[in-house]
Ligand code: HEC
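Next up: a single chain in structure tokens, the form predicted on its own.
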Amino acid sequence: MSKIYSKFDKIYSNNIAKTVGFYPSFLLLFILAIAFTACRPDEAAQIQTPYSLQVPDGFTSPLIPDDNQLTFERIELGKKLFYDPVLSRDSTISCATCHLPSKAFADNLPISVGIQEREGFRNVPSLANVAWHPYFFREGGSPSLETQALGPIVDEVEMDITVAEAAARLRNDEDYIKMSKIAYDRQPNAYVISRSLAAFQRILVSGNSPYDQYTRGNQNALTTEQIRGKDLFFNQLQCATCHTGFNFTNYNFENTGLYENYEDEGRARLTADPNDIGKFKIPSLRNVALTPPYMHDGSLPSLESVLEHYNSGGSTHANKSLLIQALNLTAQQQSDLISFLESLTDETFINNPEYQ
């Protein structure tokens, strides 16, 4: 689970498919079957305390599944699991190993690393505001936080343990047994693991950056350079065509001309459609200054290098988005844009003790 958007090589040695970012349809069905099997409760559920998610001004209300409404007890269980290496085979890594609060729940490695230093081939994205994402993994292969939570646990490169084994470990721990019965009226199992992790991730809300403060009326929240960069972003360059809305993404899939030939075929790994080669889910730009390196493979080390890529118009590829054209920005304009992107850093989010 240490990388919510899985980026590791493969689950099966027969090379049916790598599972970094998506799981083959038969495996996804297997995960869904496990995740949504409602085991018989052990005893009457104890009273829980509803949790009211604080939605920032300008945000919509996220959709929360009826069977996983937020409560303090479910969130606390999910948080305990998120930081506990018990979900990895050798008990050396947890979800938080790669999703660091100080890095907006991402990290700064080009490529993620699992147990025993096993290397994947994708970069770790932030978990900020995942409650609003309509699907998960770089190809969009998982429809909910509940279903995606189990994939990285069983990934042989990442945590490399079956869900049954992980649940059995938790059933040997009196604290986990007690917390599970209170939160979900059952002993630890796949249902409890997937839903509690999803519950915790849904409260990771980022919406108090200097940019947010500026849009809410604090005209001193942005510098002159950041205001110039904001105007470039929203008006002249139309970056907000893709990086739009309160979460700075339309959640679509685009080929940005990063390569002429893609080793990682992106969404085509899920759809098998040649027209999807090189297309990846558009990431949110919130807290983007905290999460270098960039792109799905961590190949661009800095915001400066990202702007250089877009300024040049990128590489030639048949599927490259028509929106990707040479920008011909001056050095000052590039500097202003970076200043604006830095204004999307939310210090209250990365220092929120509720998430620690």
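As the structure is a computational prediction, the values presented were derived from the model and not from experiment. Residue indices: 1-based, along the sequence shown.
We do not show the form predicted together with the ligand, though everything after this point is about it.
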*Tell me, please, which stretch of 137 to 145, 166 to 174, 183 to 191, 209 to 217 lies within 4.5 angstroms of the ligand in the predicted complex when heavy atoms are compared?*
137 to 145
_Just to be sure I understand the contacts: of I161, I75, L127, M179, which is the one whose heavy atoms reach within 4.5 angstroms of the ligand in the predicted complex?_
L127
*Please pick, from K79, R202, R122, K230, the one residue with any non-hydrogen atom lying within 4.5 angstroms of the ligand in the predicted complex.*
R122
*With a 4.5 Å heavy atom cut-off, would you call R195 a contact of the ligand in the predicted complex?*
no
*Indicate whether the ligand has at least one heavy atom within 4.5 Å of a heavy atom of Q226 in the predicted complex.*
no
_Interface membership of E265, the ligand in the predicted complex, 4.5 Å heavy atom rule_ = no
*Do C95 and the ligand share at least one heavy atom pair within 4.5 Å in the predicted complex?*
yes
*Contact check for V55, W132 and T244 against the ligand in the predicted complex, heavy atom at 4.5 Å*: no
_Any residue of 313 to 330 that, in the predicted complex, places a heavy atom within 4.5 Å of the ligand_ = S321, L323, I324, L327
